[in-house]
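Let's start with one chain on its own, the form predicted on its own, as structure tokens.
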């Protein structure tokens, strides 16, 4: 049973993330744990002693009310692991601290897709995404497909991607497609023979077989990142190791309106 730390707030991105994790829990055995961070106003003075404790209590109650309203609105059916964790402070810092002190298989949050791929690159460069000790699922959309796509290309670590998928795949009813991507400047996506792919494709296929994970289809595609991103929209999510900064794989992940599972092996605690 995979343990998922799910960040929620009272906004559309969190609403989609909550419904998506609810759906995903019917495909993969998941236990979501909710976290919400109340960010104080920069000019707010909390004081000390009793004044501060009273202020913190009010902030916590406000956070609880926020999550309660969201859960009542969405009426999801998945079983959560314990009561929501309400923190006060900087969002990235508080989430990172929770990920460091408690064992989770991955972190998940909503992030609405935009026409600016730079927004996704900035997310990849954030403290939360660069310092998180586990994989991250960036939920952009509510896709109800039963197939997961694994994106391959220069800079992708297939061992990490397969290992992290294997952690959450227990009794899953989903299928896996391998998608090997190369660039050309045509807006019309082309499908190539698998012989046009590098050895990375065969290596990943063998890793899936060794892990006992299904491989339904293999696609070798070439085109612009935008064209490749559009092709990926029909998958439940796209899995890949954390891509090198500004790489073509990162650009494809930025361009797709689909959710992405950025795989990172669990780092040892310091």
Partner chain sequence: MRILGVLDHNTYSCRALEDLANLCANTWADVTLLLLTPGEPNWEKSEDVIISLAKKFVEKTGADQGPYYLPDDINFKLQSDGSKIFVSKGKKGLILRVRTGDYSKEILREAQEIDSDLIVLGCSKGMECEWKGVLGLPKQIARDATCSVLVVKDTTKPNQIISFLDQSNVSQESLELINQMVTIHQAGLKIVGLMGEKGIVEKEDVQRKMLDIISYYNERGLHAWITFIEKSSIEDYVANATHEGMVALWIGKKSFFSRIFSRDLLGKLIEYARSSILILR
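Keep in mind the model is a prediction, meaning the values are calculated, not measured. Residue numbers count along the first chain shown, from 1.
The same protein also exists as the form predicted in complex with its partner chain; that form is not shown, yet it is the one meant from here on.
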Could you tell me if all three of 15, 73 and 144 have a heavy atom no more than 4.5 Å from its partner chain in the model of the complex?
yes
Considering its partner chain in the model of the complex, find the one stretch among 54 to 62, 31 to 39, 232 to 240, 208 to 216 with heavy atoms no farther than 4.5 Å from it.
232 to 240
Pick from 158, 84, 133, 113: which has a non-hydrogen atom within 4.5 Å of its partner chain in the model of the complex?
113
Is it the case that residue 247, even though its partner is missing from this view, gets within 4.5 Å of its partner chain in the model of the complex, heavy atoms only?
no
Residues from 242 to 263 in contact with its partner chain (non-hydrogen atom within 4.5 Å) in the model of the complex
257
